[in-house]
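Shown below, as structure tokens, is a lone chain in the form predicted on its own; questions about how it binds or moves come after it.
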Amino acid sequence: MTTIDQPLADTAYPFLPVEPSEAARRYAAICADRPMTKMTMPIGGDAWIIHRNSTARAMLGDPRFVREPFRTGERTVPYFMEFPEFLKSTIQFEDPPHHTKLRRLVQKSISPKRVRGMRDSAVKFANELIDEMVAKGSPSNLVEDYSIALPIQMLANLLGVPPEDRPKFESWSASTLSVANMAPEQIAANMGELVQYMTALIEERRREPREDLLSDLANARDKDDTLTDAEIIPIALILIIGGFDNTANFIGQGVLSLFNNQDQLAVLLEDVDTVAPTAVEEILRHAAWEIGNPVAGMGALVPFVATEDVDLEGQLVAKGEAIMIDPNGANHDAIAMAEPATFDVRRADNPHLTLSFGLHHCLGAPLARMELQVAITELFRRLPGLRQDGPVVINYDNLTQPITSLPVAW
């Protein structure tokens, strides 16, 4: 029953930035009201935006939704901003059966067993980074000294890329994910350099295979699994750029969200090893809402197109219509989870979709989860008195809006 003390939440969508608690009220009301909203995107025309968690899962598991028209350039990608051209050539925009073939090959090298085998080296490297921070003394920029360096090292191990090339990866990533303040000529030059670098490395791995993903892909010899350089390079690029950029940002958001929720930091510190796995899932779901910024009712994962008329929880999506998921809605759907506005590092039932689901579930998800668990566990085990020691800086000119400076002391 609605009372004066519990006014109806506004169900209009999209909505401008509001306080996270108000955004949670609105998303709960929107999800209760309807599974999706049709809106005209700033770029690319009309599209359905899915809010409900269950509807999002149904769509992601349905092969009648594809991305081919965006990959081929037949249609402009409907989005809130101009979609980076580079991403349209990656495995994200592939559909079965080619997508299935690529995933099968990559998953052989990022299997849970292989990732478990990488955990010891991740723990060792995390502690080396912490040793260096301690030796330098506080304050330290956690982003530069820890949260970027760790995933870079893990990707270097996985792909067989020399870790000393880290500065190049950061520069290339900034170019490919840039949405402002970078000239097209500079982006093109950086992309050309990146492709040239990876082409040379693939050729080297063909001549001298090692125990790494790039060697596996370069030397796939089965008739159905043979890959060309044109197929290998986009896989490697999305892993390099998405792998370290996204993971590094989740580490920074996770640490900051714990600083801003001292009760939850205390829960973590009581038993870091036990709590870290659920804390990481909560960071993936909700940390972006706990870093001190307002939350807007917009934003989406990569869109699809319906190949025929499809009914999704009572809403008809017509053939040819574009559709995408707002992860803020799916991750704060009060139908799917209890108290979605609460940051709870012990949350047991956490069906978030930050790493997607179904055919397009993030290829690097096992690696990202392992790195996040190691990063959070080792940092707070070694430095339980870690605290924020200055203002946070966020790069709003990047598609993923990463934290670039998080000063800390201990």
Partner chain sequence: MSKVFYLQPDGVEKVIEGTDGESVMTTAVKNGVRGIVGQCGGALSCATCHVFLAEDELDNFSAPSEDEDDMLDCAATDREPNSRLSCQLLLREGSDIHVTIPSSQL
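Please read all numbers here as calculations on a predicted model, not as lab measurements. Residue numbers count along the first chain shown, from 1.
The following text describes the form predicted together with the partner chain, which does not appear among the structures shown.
Between 256 to 264, 315 to 323, 67 to 75, 101 to 109, the stretch whose residues reach within 4.5 angstroms of the partner chain in the predicted complex through a non-hydrogen atom is 101 to 109. Not displayed here, the partner chain is kept clear of Leu383 by more than 4.5 Å at the level of heavy atoms in the predicted complex. Taking the partner from elsewhere, Lys136 is found to have every heavy atom lying beyond 4.5 Å of the partner chain in the predicted complex. Interface membership of Arg34, defined by any non-hydrogen atom within 4.5 Å of the partner chain in the predicted complex, is ruled out. Taking the partner from the other structure, the partner chain in the predicted complex has a heavy atom within 4.5 Å of a heavy atom of Arg116. This chain is drawn without the partner chain; in the predicted complex, the residue among Ala58, Ala29, Leu359, Ala341 with a heavy atom within 4.5 Å of it is Leu359. Contacts between 327 to 353 and the partner chain, taken as any heavy atom within 4.5 Å in the predicted complex, involve only Asp349.
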